[in-house]
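Here's a solo chain for you in structure tokens, the form predicted alone.
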């Protein structure tokens, strides 16, 4: 590293980056497409602020992302504030305060940027765009199915087909462990073994749960196989309810989208700690980065809710490359009606400012593919 590198005005903090042409426009168009799909299903858009006071930002599900939140002092009120690391807790705040009296189920959508203290190995960016939906006020499996189906439709609108929707039950394994009374080091060892998918260690630390947890661990994969394992497993009633919810959700999805690729991992519990029921993570074929994630949670103190967050920047890496907007150069003296007509046809018009002697050369210099001649776009 050179001595003057830190003073380079183009140098940004780690995990932050500029988005340049044409990628910035492509992302904006993709977000508009996602939001249009959400709106067409009755999800109404809200726009929470980038920064909030800590005591509201970390209420309820917001506590789960507190350690990933940048904090600063408000010079006006002298109170601590946080830059949001996830938008879902903000939607929950809006639903329980400003929209507390709105009819349920409440369907809301959003888009915005989040900032996190740390990036991950697979996703090093710390500024993350989120586009999502929240369905608040329904505990039904039909609601869980709706967010999965709407996620599939939104991805298809961007040309992403055959995505895998990986369902999990984040509270199932902890509930089993709690019911069995496994505590202390044995509990920690069992949790690590499940997290690492280490069947040998699960058998060693699982005690009387070893058999059922090992069976469920091996059952992860296609949804039907995992559901069969859950059905045959000996589960306490509280855990059986979770298994039944998964079965009902998958059945509801299959009715409307029988070809959707569904997997189920009954003992996976990674992810946001505020999830309380069926959760989902979306992957594109052959890719390891998440296209989106979501699931069931509590909105406020006790209101049932479920939602899905999509990551436009990752989706665009998996989507087919969009066609660039064609650029047409408008020489000086061109009738404005001709340029307006071409804009209406999807062209971007780049107007001459100086009356160049060689319009063709100027058009090429400004990365235009066309030039207006006699009111029409002519290929250079």
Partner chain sequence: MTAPYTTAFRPEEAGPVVLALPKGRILAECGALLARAGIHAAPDYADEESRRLRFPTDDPELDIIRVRPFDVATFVAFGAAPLGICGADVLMEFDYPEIYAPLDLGIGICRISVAEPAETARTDDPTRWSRVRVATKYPAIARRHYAARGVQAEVVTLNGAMELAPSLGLARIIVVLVQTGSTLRANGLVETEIIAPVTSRLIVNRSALKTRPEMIRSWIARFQAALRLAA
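On a predicted model such as this, the values are computed, not experimentally measured, just so you know. Residue numbers count along the first chain shown, from 1.
Separately, the form predicted together with its partner chain exists; it is not shown, and the next lines address it.
Undergrad: Do residue 20 and its partner chain come within 4.5 Å of each other in the predicted complex, heavy atoms counted?
TA: Looking in the predicted complex, residue contacts with its partner chain include residue 20, since a heavy atom lies within 4.5 Å.
Undergrad: Within a 4.5 Å heavy atom cut-off, is residue 109 in contact with its partner chain in the predicted complex?
TA: Output for residue 109 is no: heavy atoms all beyond 4.5 Å of its partner chain.
Undergrad: Residue 231 versus its partner chain, in the predicted complex: is there a non-hydrogen atom within 4.5 Å?
TA: Residue 231: no, not in contact with its partner chain in the predicted complex.
Undergrad: Answer for residue 174 alone: is it within 4.5 Å of its partner chain in the predicted complex, judged on heavy atom distances?
TA: No, residue 174 sits far enough from its partner chain in the predicted complex that none of its heavy atoms falls within 4.5 Å.
Undergrad: Using a 4.5 Å cut on heavy atoms, which of 302, 185, 122, 73 is close to its partner chain in the predicted complex?
TA: So the residue touching its partner chain in the predicted complex, by this definition, is 122.
Undergrad: Please tell me which of 118, 208, 196, 79 lies within 4.5 Å of its partner chain in the predicted complex, judged by heavy atoms.
TA: In short, 196.
Undergrad: Among the candidate stretches 216 to 224, 144 to 152, 95 to 103, 234 to 242, which one is within 4.5 Å of its partner chain in the predicted complex when only heavy atoms are counted?
TA: Within 4.5 Å of the partner lies stretch 216 to 224.
Undergrad: Across 158 to 178, which residues bring a heavy atom to within 4.5 Å of its partner chain in the predicted complex?
TA: Sequence-ordered list: 164, 166.
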